[in-house]
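Take a look at this single chain, the form predicted on its own, given in structure tokens.
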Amino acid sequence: MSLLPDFALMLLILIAAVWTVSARDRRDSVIGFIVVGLLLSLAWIRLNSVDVALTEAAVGGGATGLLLLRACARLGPNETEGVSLKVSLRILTGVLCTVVAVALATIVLYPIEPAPTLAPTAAAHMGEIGLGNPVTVVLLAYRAIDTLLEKVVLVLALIGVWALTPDPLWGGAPGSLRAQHSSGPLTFLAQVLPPVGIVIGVYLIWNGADRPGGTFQGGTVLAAMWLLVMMADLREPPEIRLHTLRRLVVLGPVVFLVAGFAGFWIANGFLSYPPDLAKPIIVLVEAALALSIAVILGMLVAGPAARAPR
């Protein structure tokens, strides 16, 4: 009986996944994708992986789903008509998906005993860094180079979106995010919710050093509050030529790089931290990264410039 909620959640995930891949309307598919992401976050909660659940809800289902909805809105009504997969390609896709599903099920149901893990080794050195959240320790200490490259990829993704701007509009502002028809409830939420959302976002960033939370989760919440204000037409998207905007985009990776190169002088290695300064440096890097993530995600959703610069 104690497993009934897990079986129900698993069934809901499967139903939502089937709906996502079988829906004929692309907007319905994206909505199904968002639902799958939110249900998966609940599954991670059931597995006591709160950090992963927060990331899935904020980035996997939330930010990515919003990007896909914006992509659907930019596509014309007839741009995907006539596009269909051959029967042989559909069969091949189904076979490959089945092989992956069987392989994953085998790994989960018949794990290696004892399971290989570096958790004891990682936990043994957490005290030297001064952080209480093992996920943050791994991301910003043990594999900090991977985390740095992930943030650089975000900057490159935004540059790729901006590169879609027509030449005469370069440097201008993205199109307005407001709905075609004004909405009183949306405007009310955009006036009331951002102060609370900003506090929650800052809390997630600060809390990530010792408890579930972190830069991606907090930055995504901040981006959501900014997008809510722009969608309610309380603020227009900024012009991409603004120096302040561009500085905020690269702030996080630059601070991360500075901290990395400073490690040569203060800890004898790239992205190395002295024990007494490890936590302050990591918290500073996380705050800068969260701000850049919020700006990048907001501008990714806003899209390329659609209006000429003033």
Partner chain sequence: MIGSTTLYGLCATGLVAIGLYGLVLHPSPLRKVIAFNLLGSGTFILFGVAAQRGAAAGLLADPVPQAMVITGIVVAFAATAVAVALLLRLVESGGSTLEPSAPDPQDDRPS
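Whichever C-alpha set is largest while still superposing within 1.5 Å between the two forms counts as the rigid core. What you see is a predicted model; the values in this text were computed from it and never measured. Residue numbers count along the first chain shown, from 1.
The next section is about a form of this same protein that is not shown, the form predicted in complex with the partner chain.
- The shortest heavy atom separation between Leu297 and the partner chain in the predicted complex is within 4.5 Å.
- None of the heavy atoms of Pro238 is located within 4.5 Å of the partner chain in the predicted complex.
- Although the partner is absent from this view, Leu154 contacts the partner chain in the predicted complex, with a non-hydrogen atom inside 4.5 angstroms.
- Within this chain, Ala288 is remote from the site of the partner chain in the predicted complex, having no heavy atom within 4.5 Å.
- Residues of 283-310 placing a heavy atom within 4.5 Å of the partner chain in the predicted complex, in sequence order: Leu297, Leu300, Val301, Pro304, Ala306, Arg307.
- When the rigid core is held fixed, the Cα atom of Ile91 travels 2 angstroms or more between this form and the one not shown.
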